[in-house]
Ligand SMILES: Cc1cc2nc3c(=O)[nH]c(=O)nc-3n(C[C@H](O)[C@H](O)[C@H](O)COP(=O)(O)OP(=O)(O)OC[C@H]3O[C@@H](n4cnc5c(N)ncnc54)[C@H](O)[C@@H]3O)c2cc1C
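Given as structure tokens, the chain that follows is alone and in the form predicted alone.
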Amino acid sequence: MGRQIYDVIVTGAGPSGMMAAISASSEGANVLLLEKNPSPGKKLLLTGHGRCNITNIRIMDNFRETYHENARFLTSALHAFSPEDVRAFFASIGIPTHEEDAGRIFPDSQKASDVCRALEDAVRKNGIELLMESPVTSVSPAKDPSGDLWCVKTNDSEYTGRSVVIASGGKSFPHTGSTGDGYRIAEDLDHEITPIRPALAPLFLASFSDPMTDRCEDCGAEFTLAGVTLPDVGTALSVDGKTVARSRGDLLFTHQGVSGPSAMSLSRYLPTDTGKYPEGKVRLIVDLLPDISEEEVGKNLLSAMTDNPNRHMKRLLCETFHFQEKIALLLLGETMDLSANQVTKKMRNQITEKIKRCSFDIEKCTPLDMAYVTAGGVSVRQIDPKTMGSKVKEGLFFCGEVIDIDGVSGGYNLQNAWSTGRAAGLAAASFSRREERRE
């Protein structure tokens, strides 16, 4: 009896890989799905802090900004499988969803595990052969008398397919299985890999470099900011005095620096130098009141000080601008123990400026293994944006994080996985039917 030839072999059972497999099988393709972990969707379980931010309803309106420099590449895939299509798909497999703030879509159960389980059930119900603990070691063309085929090797087995979908993920959070295997495989098959770097990662602040004493030394006070959250602030990343990126959203102080959407979206623009940055080279600038101009902040502060000359400045700032006490201390520095009538015009101007431009030295580039998403990857110039098919090797397809596409926080990266996975799976199934007819 001859060896089995699969129509489509998918490497990686993450979000994009499972979507690719399900999509290919829906077209009647015989699909093999290979996963290195003992269970599928390990990284999916971490998304949305365990709640799984499936997509974002605003994507079709803002994707050209939120997917950065390669956003145009996604135009066809997003229109073919939009956020609304994603919601309909998940409803069809038993995962109803709802909308939360900023257009974010979550499962009604609020559990990423339910999403993962539903996808795995759909994989099995569609007759897809799912093999766990099967890390792919190589993918190569296999010339065969009956046609051009692909040979996919794992540690202990070898499989043959008419087409292959590379859905191996990026290189962030390696404990989930994302260890950059897809980059190596693509490079071995003559594909260009855009340099990878962390995206959606926390920022390390120089003043917080000692996790045991994460004091804010710049303000002259002995207190920790860890655990303080600033809702809806503006942030900017400055490199050598030049602003290279801006963001807006919630900011969370940690024992090592800052996290939250407003900080993490800036991480992809960090210089990828190894070691610590020189003092002052890379700075995080925080605008605590992004909807109010500096002039208006100054007027409001002066008015409050004039009306309350004997009020302690810490209390005055908290009452006037609704700042938390630790943020007021951060802003006041040497003036923290003064009453309003003791503060000079120069001091007042300094406080005003700091409200609009509170700056911190960033210590170093965040390690890639701490990033939620990998920026960089297989160059989009070598991939057909409609099919996710390789322009270099016929019958080879890519989807998900392995491609040089990354988005902002809020469901954008999972939508990329669903849309590119869908496109790759359908196209791989179509290609395999063509190859089967040739045989």
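Note that residue numbering begins at 1 and tracks the sequence as displayed. These numbers come from a predicted model, not from an experiment.
Below, we refer to the form predicted in complex with the named molecule, which is not included among the displayed structures.
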Heavy atom within 4.5 Å of the named molecule in the predicted bound form - residue from 387, 37, 382, 26 | 37
15, 373 and 411 each touching the named molecule in the predicted bound form (heavy atom, 4.5 Å) = yes
Wondering, does residue 47 line up within 4.5 Å of the named molecule in the predicted bound form on heavy atoms?
-> yes
Would residue 165 sit within 4.5 Å of the named molecule in the predicted bound form, counting heavy atoms only?
-> no
How about residue 400: is it within 4.5 Å of the named molecule in the predicted bound form, going by heavy atoms?
-> yes
Is there any non-hydrogen atom of residue 368 lying within 4.5 Å of the named molecule in the predicted bound form?
-> no
Per-stretch contact check against the named molecule in the predicted bound form, the hit in 114 to 122, 352 to 360, 175 to 183, 309 to 317 (non-hydrogen atom, 4.5 angstroms) | 175 to 183
